[in-house]
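Listed next as structure tokens is one chain, alone, in the form predicted alone.
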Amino acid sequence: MTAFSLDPAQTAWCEELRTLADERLRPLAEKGEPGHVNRPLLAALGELGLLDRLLGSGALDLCLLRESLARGCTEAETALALQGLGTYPVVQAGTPAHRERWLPEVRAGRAVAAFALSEPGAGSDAAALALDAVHAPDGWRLTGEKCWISNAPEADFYTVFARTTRGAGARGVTAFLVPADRPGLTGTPLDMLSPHPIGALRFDGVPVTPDDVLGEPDRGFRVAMNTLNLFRPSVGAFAIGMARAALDATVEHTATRTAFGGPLSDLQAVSHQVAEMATRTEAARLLVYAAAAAYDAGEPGVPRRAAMAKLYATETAQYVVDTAVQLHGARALRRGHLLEHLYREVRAPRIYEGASEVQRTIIAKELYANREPSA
């Protein structure tokens, strides 16, 4: 396999995932309450072995999972991805006790994980974290707030990033595994445009000990960045899944909807827009898979390639879904229509796990850092 094609087994697996999403997972998603964790959906993801596959996969498998599920059921994709984001710090940096306690529960779809990085004053600038970890005789006390945390406040445990050394920037952040029942930890849900479970957390002297540290003290920023470098290309894959769903719907609609004496597809203004949608989607898809293959191969330049993949794929998906809405007309704006749903879903990925502007900054910094000085 090259970075630019999938073998027949992978293609067949993607089709199987799409069918599972459409037939098994979407009915469960439709029974869920928007803005809340759908535990029956998570249990089904566990029963189907998808959460186990998620935690044992490389970047390419993760992208295949996310794109294929998103094409059939965005809620199932999001539930799976949030489990991975919250749990991957435990996979990469947890102690044997952490892994034994939580990983089997996550794989089975019984435990809900959350990645608690963003704060009211530190979203894109993750090194500016202010959640304070004050030294105590038995460890630390966490005081402060987290905001825009997926699966909060309903998660069973949080991977929390807190400042253990003031004035040290990224070098003074420690990652902790914090069970949801710790005293002093409270949360509130946030009502967002996309129907995801997202909330704010308040830490009022929450006790943590050295046994709760993921990795090493003051080295938690690396845990966060390793997680984001893996997941950023797969955010692009999520976006591509939505773009492909919108493109599928648009091809069908324009081929069968008659206007001005024939199908819409006979109008060059329409068919050329559909061709543009398809071309941009395929280009973004290839960029995502190239970044994922580079990550799995341990090639240099992974942060830049991951940033390019997330940037281009999420911006492309926004364009494709918006164009699909335009070509469908008023019917696409009706509540319950696939494109109305995708239109609300597609906006968030341009912001979370590093906004588009942050991705451009990462790309530019690497380009200038690696330039060859002129003679």
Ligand SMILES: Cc1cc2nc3c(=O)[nH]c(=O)nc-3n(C[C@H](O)[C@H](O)[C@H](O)COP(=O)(O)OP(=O)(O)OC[C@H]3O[C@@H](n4cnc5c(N)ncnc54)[C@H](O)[C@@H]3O)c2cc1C
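All values reported here derive from a predicted model rather than from experimental measurement. Throughout, we count residues from 1 along the sequence that is shown.
Missing here is the form predicted together with this ligand; even so, the following discussion is about that form.
- Only one segment in the set 232 to 240, 172 to 180, 214 to 222, 196 to 204 has any non-hydrogen atom within 4.5 angstroms of this ligand in the predicted bound form, and it is 196 to 204.
- Within this chain, T227 is remote from the site of this ligand in the predicted bound form, having no heavy atom within 4.5 Å.
- Not displayed here, this ligand is approached by E357 to within 4.5 Å at the level of heavy atoms in the predicted bound form.
- Taking the partner from the other structure, this ligand in the predicted bound form has a heavy atom within 4.5 Å of a heavy atom of S150.
- Proximity of I351 to this ligand in the predicted bound form falls within the 4.5 Å heavy atom cutoff.
- Taking Y289, Y295, F157, F115 one by one, only a single residue has any non-hydrogen atom within 4.5 Å of this ligand in the predicted bound form, and it is F115.
- Of the listed positions (G123, G184, P104, G301), a single one reaches within 4.5 angstroms of this ligand by any non-hydrogen atom in the predicted bound form, namely G123.
- Using a 4.5 Å heavy atom cutoff, L85, M192 and T361 all lie near this ligand in the predicted bound form.
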